[in-house]
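Only one chain is given next, in C-alpha cells, and it is the form predicted alone.
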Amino acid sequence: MNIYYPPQFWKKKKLLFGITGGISAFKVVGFVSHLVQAGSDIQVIMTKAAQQFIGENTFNALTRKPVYSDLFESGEKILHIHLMREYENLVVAPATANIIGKMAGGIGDDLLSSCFFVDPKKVIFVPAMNVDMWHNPIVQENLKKLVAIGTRVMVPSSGNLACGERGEGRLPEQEVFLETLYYLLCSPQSLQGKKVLITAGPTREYIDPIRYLTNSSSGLMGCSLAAAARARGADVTLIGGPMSVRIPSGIRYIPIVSSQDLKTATLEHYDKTDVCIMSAAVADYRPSNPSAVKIKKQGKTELILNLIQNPDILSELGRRKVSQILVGFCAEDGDLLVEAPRKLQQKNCDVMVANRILPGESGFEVDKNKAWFLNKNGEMIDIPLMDKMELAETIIDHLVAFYFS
C-alpha cells in the first residue's frame, strides 16, 4: 500500500479522537492503532451511544490510556477544557448527524460536545451516515455553520453502506483517512490558492494493439509530489500515464497513455497553472508506423522498428511560459551534474530536479530517490537519498522558499 504522507509526520502528534454512535466506529480502531504505532499520543473520548457499538477496553488497550466518557469523571480538572488545551486537535469519527446537529445548535450536554465549544477550530469532523441522511438539507446546513466558524470537515467516501444502500456517507478507508488528515493538519498552507499541475508515471507507445514501448516508472514520485502540494493547500491536477501505484486522495486526476496524450492534456491545463512540475518519464521515441493488427512472428527472425522522435513537451512549455514556475525532472546514470544545468537552461525551466538512476537503490521502481535541486539563479541543493514522499515534501518546500515566501 502506498502512503502519501511522511511517516515521521505522526510522531509526537497529540490527538483526541471522539467516537460517536455509528456502525463504522469499528473502523476507527484501525486508525487509532496505526497512529499509536506511528508515535502519536492518542486520547479517546466515547459517547454513551458509541459504547453500544464498541467497548472501551479496545481503545484502552490500543492507546494504553483509559477512555473518557463522563463529563464529570476528573476530580480536580475541568476535563473538557483540560483536554482541548492539552491536545492539538479533536477528530470526531464517525461524526453522526446527531453530534453534528448538537454542535451546530450549541448543545454541549456531554464530554465530547462540551470539548467542541472550548475551541471549534481544533475540531475535524469525519461524517459517516446513510446517503439520504448525508444529503439532508438540515445536515448540510449544520455543516456549513460549523465550517463558517473554522471547524474542518472530511468529506465522506462513496460505496456500500451498512444499511445495505450505496452512495456517499461511508467512513473513508484507512489510507484515505490518514492521507486526508495529513492534508488537514499540515501547516503552513503555503500554496493556498495556487494551481499546481503535475505529470507522473510512464507513457506507452504502441507497436501494435498489444505491444508497446515504455519504461519502468511507477509514478510514485509524481504522486508523492501531488500529495505534498495538496497538503500545502494547492489545487492539484495530476496527469498520469499507466501507473502501478494508487492515486492520492483529494487530487484531480487525468489518465493518459501516450506521449501525444500527455502533450495534449498538459497544454490544455498549462495556461491556468501557477506551478507545473513535469515528473513524468516520457518516451523519447515512438513507432513511425504502428500496426493496426498484432504482428505475427511466423517467418521472421528479426523485427525492425522505425522510430520517430516524440515532441519535447518540457521545451514547448518553456517557450510558452508566461508567469508559471516550470519544474523539470531529469533522471541520469551518467554525468548528472553536467546534464542537469544544461537541460535547465536549454528547456527554459525555473527549476530542474535531477535524480540519480541506481537500480534497486534510487530512481525507478524503488521507494527512495537521490536528487539535486537546481534553480535558474545557479543555486544547487544536494538532497540526500530519502523516501520519495519525504523528497516530495523537500522539493515543494524549496519551491515555496524560492518563489512563494
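As the structure is a prediction and not an experimental result, all values here were calculated from the model. So that there is no doubt, residue numbering starts at 1 and follows the sequence shown.
Another form exists, predicted in complex with a small molecule; not displayed. Remarks below refer to it.
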Which residue, P172, G241, G328, P127, is the contact with the small molecule in the model of the complex, using a 4.5 Å heavy atom cutoff?
G328
Picking from D119, D312, E141, E88, the single residue whose non-hydrogen atoms come within 4.5 angstroms of the small molecule in the model of the complex is D312
Just checking whether D284 would be counted as a contact of the small molecule in the model of the complex - the rule being heavy atoms within 4.5 angstroms.
yes
M154 versus the small molecule, in the model of the complex: is there a non-hydrogen atom within 4.5 Å?
no
Considering only heavy atoms, tell me if K343 and the small molecule come within 4.5 Å of each other in the model of the complex.
yes
Even though the small molecule is not shown here, does K27 get within 4.5 Å of it in the model of the complex, heavy atoms only?
no
Among 223 to 231, 189 to 197, 304 to 312, 78 to 86, mark the stretch whose residues have heavy atoms within 4.5 Å of the small molecule in the model of the complex.
304 to 312
